[in-house]
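Coming up is one lone chain in structure tokens, specifically the form predicted on its own.
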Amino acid sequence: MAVMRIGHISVRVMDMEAALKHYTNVLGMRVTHTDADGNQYLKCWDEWDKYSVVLTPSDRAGMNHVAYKVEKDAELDVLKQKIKDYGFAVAELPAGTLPACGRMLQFTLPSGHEMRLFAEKECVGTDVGSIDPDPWPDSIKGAGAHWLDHCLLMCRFDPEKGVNTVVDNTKFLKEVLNFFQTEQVMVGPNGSIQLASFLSLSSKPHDLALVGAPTSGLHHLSFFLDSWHDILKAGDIMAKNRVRIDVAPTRHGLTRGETIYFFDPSGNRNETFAGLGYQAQRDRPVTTWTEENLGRSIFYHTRELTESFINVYT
């Protein structure tokens, strides 16, 4: 049974025209489908499935759902029963609920986030093809993001009231969906409280990240770039397009990734992320960051957290 990777994320935007300019001109995605309700479906140049980001018109920002791709359709039946046995309600959505996508399982994480699983989506190929491909296409725009890499979810967290959905989500994702933990942040008395959990399905440092917060929401959706040089170029492109940058180019301690954080026009935080960091494997010891080094774990260079990074999310 194999949940392979992030498949897509659906986010709400308040100005579709501005959002499309942002995701196409700044990140370099392209629109592959528009449905009758005005939802826009986009992919990056190095992705082969028809879309990885769905933009839906709304009067508020935030995430509708995040979906992960399963290797085989038959595995959805096994996973449906496992999710039910764990005690979660799970619905099966028929093929075509989303364009070009097969049937999906729909359920809610303990943190309140909607997650979906699917196995089939129309394959349109990367923009360089699969036969004798060039390393990048001539049609690249903006930062030229390769693919949707991961997302970070803010999860309800109030240890004094016994609420820690970072732990609850982590337990479910590991036991039912076969994620494994790569890193964690521990705080409180004797470092006994898990504030953050980074989880992988692959050799990447994370396919999903969870951080505790007063309320649940979306912290960011992240797009992969090749190198530190590409991160700096992305910063130039954001400046040219007057994008609101939250955190200028820097390095994480967690994951060792190189990063910029910025906002789309509706206020959904994006990240461009480079560097594989290390080979994540199921037998690799979990990296633990302590409360006294919390700033260093997030922003390795300055070792200081910024208020907006902690408190602003959708």
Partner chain sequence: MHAHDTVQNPAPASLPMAGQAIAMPATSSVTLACTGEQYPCRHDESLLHGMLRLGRKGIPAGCTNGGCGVCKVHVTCGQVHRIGVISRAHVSVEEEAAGYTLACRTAPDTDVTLDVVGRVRRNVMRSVVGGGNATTSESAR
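Positions refer to the first chain, counted from 1. Everything numeric in this text was worked out from a predicted model, so none of it was measured.
Not pictured, yet referred to below: the form predicted together with its partner chain.
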| query | finding |
| --- | --- |
| Heavy atom of Leu20 within 4.5 Å of its partner chain in the predicted bound form | no |
| Contact label in the predicted bound form: Glu47 to its partner chain, heavy atom within 4.5 Å | no |
| 4.5 Å heavy atom contact, Asp283 and its partner chain in the predicted bound form | no |
| is_contact(Phe107, its partner chain) in the predicted bound form, heavy atom dist at most 4.5 Å | no |
| One residue of Tyr68, Trp289, Tyr41, Phe263 in contact with its partner chain, assessed in the predicted bound form (non-hydrogen atom, 4.5 angstroms) | Phe263 |
| Listed residue (Gly125, Pro214, Pro133, Gly96) with a non-hydrogen atom within 4.5 angstroms of its partner chain in the predicted bound form | Pro214 |
| Candidate spot Ala2, Ile83 and Asp85, all three touching its partner chain in the predicted bound form (heavy atom, 4.5 Å) | no |
| Partner-proximal stretch of 135-143, 200-208, 184-192, 115-123 relative to its partner chain in the predicted bound form, 4.5 angstroms, heavy atom | 184-192 |
| Residues within 4.5 Å of its partner chain in the predicted bound form, restricted to 282-314 and counted by heavy atom | Glu291, Leu294, Leu305, Glu307, Ser308, Ile310, Asn311, Val312, Tyr313, Thr314 |
